[in-house]
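Given next, in structure tokens, is a single chain: the form predicted alone.
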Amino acid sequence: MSYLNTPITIKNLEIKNRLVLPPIATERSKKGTAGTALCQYYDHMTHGGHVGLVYIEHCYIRSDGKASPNQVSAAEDSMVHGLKNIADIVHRNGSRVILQLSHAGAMADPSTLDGPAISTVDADWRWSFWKLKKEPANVKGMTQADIEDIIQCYVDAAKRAKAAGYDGCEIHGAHGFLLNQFYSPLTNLRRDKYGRNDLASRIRFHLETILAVREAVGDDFIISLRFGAKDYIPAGSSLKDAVFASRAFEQAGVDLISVSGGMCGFTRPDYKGPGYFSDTAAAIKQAVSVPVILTGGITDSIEAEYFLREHKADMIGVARAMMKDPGWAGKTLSELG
């Protein structure tokens, strides 16, 4: 029996298998548009329709949330046409598709900013998971009005994803980006209802965003969360935090949880084997009823089958192997039968 080849239904969305192409930043956009180069890339990566679920790389929801100069935008209605072209290509090739939405917060690329970056508190530093140290930056703490505006930006971007024909959207809350900065005790130094005093406060921003997006897009549109569940850094977010938060996210309306790293980024400093975040994903899977995706270092079918068979996750994300060989999915699934 092949676990990877088994279909799965998420709400009303039927997916042919458990294989996921996770969001991969390509830097192929110009001025935020999803143009020809990006369409050709996703056509190439999804040719044959072997991947059950495809995530389109993170799109910024507001101009001060860009992680890089060539990031794709979902911040304006004018971007819907280009985003629709990508969704149409992936659907035509035979896969389901979700658009990832993000705001980088204090991780925003300084070259793209006209003023300070935004985050949890005023600071003259930003956390860089690439080097696991603090780097100089001009960061402004968010007011209540700022938080409300960002939530509305997520709502508007989600509505654009739905208008563009996507099967769902994903809220990016991992890898040190804005929502992750609120979740992690390493970076959330606030003393208000969004603050670090307790975990319920640190995930309030997430919950308000999820609830607002759900109200805007309706029940038939998938909401996924890329969750930086654990920092894997001393004094950072813990496994206990991840389980508590995941239950709250499900209750707020999330249909799918894609587990990744927090302030450590998308790798672990203490582990180099396949399934970097399998311990956290397994604990979350036991705590929630929605499907859980595991991504990180999985490069062959044996590894993917193991994590599914041992109930570490419900779906498996494979990035590097498919980037190296876009035909990997077809070959692998054919071999499994």
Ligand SMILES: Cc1cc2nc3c(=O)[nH]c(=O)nc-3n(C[C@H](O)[C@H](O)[C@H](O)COP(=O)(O)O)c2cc1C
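When you see a residue number, it is the position in the sequence shown, counting from 1. The model shown is predicted, which means the values in this text are computed figures rather than measured ones.
The protein also exists as the form predicted in complex with the ligand; that form is not presented, and the subsequent description refers to it.
Heavy atoms within 4.5 Å of the ligand in the predicted bound form map, among the stretches 184-192, 152-160, 80-88, 260-268, onto 260-268 alone. Of the heavy atoms in Ser224, none are within 4.5 Å of the ligand in the predicted bound form. Within 4.5 Å of some heavy atom of the ligand in the predicted bound form lies at least one heavy atom of Thr295. Among residues of the shown chain, Phe307 is not one whose heavy atoms approach the ligand to within 4.5 Å in the predicted bound form.
The ligand in the predicted bound form is not approached by Ile15, whose heavy atoms all lie more than 4.5 angstroms from it. Think of it this way: in the predicted bound form, the ligand has a heavy atom of just one of Arg202, His175, Lys230, Arg96 within 4.5 Å, and the residue is His175.
Along 313-337, a non-hydrogen atom within 4.5 Å of the ligand in the predicted bound form is carried by Gly317, Val318, Ala319, Arg320, Met323, in order along the sequence.
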